[in-house]
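Just the one chain here, laid out as structure tokens, in the form predicted alone.
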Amino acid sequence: MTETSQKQMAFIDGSRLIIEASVRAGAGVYIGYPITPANLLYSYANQRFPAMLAAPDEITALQWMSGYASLGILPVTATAFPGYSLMIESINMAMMMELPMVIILAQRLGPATGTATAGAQGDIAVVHGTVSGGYPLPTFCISNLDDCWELTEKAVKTAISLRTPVVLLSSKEMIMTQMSYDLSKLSEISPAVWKHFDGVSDFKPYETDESLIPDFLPLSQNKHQVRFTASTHNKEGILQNTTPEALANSSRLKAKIEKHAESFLYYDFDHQQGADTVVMSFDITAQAAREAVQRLRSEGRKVSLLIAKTLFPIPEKYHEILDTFSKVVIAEENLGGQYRHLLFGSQIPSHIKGVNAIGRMIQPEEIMKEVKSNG
């Protein structure tokens, strides 16, 4: 067979790839409340997941997800900012209880209900600040159809392996736009494996080894007593207010994610030798960034490209890369450059430039113009 005949071309959107990858990676239930622009995920999940529950609202969806997670069944949901804002308390609860789940957040134009049918990248700051106390919430961001498949698998497996909620960030255009895609490129996905407690002694639900990740036992088993506790607690899951043991257990939640950050670090770095400028982007704007860099190189200009796929916790690797360039251009579809400010603070160094827009997608020409500017 020729290379062309081996291809399996399809006209497909990112939502279908995300749902299929979720199930193959080991997700067992989808629980959702329909909201634009995440409705295709809701629809496809109803066709593909082993179980699907239609929740009456987003608060209920996350509570039901916590129940399934406590049974050892990985739950998935999808929403947009109005729904995510209602989920935040329950995401904090799941973080404290160390219940794995995946929340797909399809960004759209805000504030508030904004414009449901217009895309955006405006939820970066709220995702970063989701957990009270500044605890990191592992967050992946899709940049193309390949990521819809590959990062979804990573999100499910990271949630299970670290026992934590995980956010899979996307936007309207990425999950709703039909694109031509070669399905033969899709890699095989094996189901995630839960790390179950197999000891004979009393089970302490929040006791850990050097990994800082406690073993799991589902509520459905009858051999050991199991506690899942959302308030400050000790290793046995007993509420202890602010005792040293309980505070140490809470601090472990942060240390756990940071200790394993390298295991879920994903990015693309296309380094061009001799380039003193780098373009950084993520999500749908990464498509414009890729085209802009390609066109700049065709014009003879040396420029590198960094596509962030793991957004949070912010990887030290990004600073290591960006610090080697005399000019950094960060393109993101929001008003003030949210990720740029999270990377560099309120006083942005003069060599860090932003390309921003609201209510429309950023064009490659805008990125090219900023790269060429002398400012």
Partner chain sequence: MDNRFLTDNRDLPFCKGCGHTGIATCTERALQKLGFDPLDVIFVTDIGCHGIIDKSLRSHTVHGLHGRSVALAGGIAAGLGQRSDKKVIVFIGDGGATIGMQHLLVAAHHNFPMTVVIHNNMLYGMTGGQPSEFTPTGFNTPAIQRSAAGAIDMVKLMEAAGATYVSRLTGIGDFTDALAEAFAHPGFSVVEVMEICTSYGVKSNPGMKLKQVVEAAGLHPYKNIRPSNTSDHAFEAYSGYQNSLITDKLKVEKEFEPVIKGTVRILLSGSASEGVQSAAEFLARTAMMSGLFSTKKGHYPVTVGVGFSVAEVIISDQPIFYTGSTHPDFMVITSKDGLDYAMPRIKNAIDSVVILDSTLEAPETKARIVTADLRAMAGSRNVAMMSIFWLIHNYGILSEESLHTAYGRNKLSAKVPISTFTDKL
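Numbering follows the first chain given and starts at 1. Remember, it's a predicted structure, so these values are computed and weren't measured experimentally.
Note that the form predicted together with the partner chain isn't included here; everything after this is about it.
Contact annotation: of the candidates S298, S190, S220, T242, the single residue with a non-hydrogen atom within 4.5 angstroms of the partner chain in the model of the complex is S220. A heavy atom within 4.5 Å of the partner chain in the model of the complex is found for exactly one of S161, Q294, S250, S211: Q294. In the model of the complex, no residue of the candidate spot (L74, T277 and I321) has a heavy atom lying within 4.5 Å of the partner chain. Checking 132 to 140, 93 to 101, 74 to 82, 265 to 273 against the partner chain in the model of the complex, the stretch whose residues place heavy atoms within 4.5 Å of it is 93 to 101. When contacts are judged by a 4.5 Å heavy atom cut-off, E173 counts as touching the partner chain in the model of the complex. Using a 4.5 angstroms limit between non-hydrogen atoms, R16 touches the partner chain in the model of the complex.
The shortest heavy atom separation between S373 and the partner chain in the model of the complex exceeds 4.5 Å. Taking the partner from elsewhere, I352 is found to have every heavy atom lying beyond 4.5 Å of the partner chain in the model of the complex.
Annotation for 19 to 50: interface residues with the partner chain in the model of the complex are I19, E20, R24, Y44, N46, Q47, R48, F49, P50 [heavy atom within 4.5 Å].
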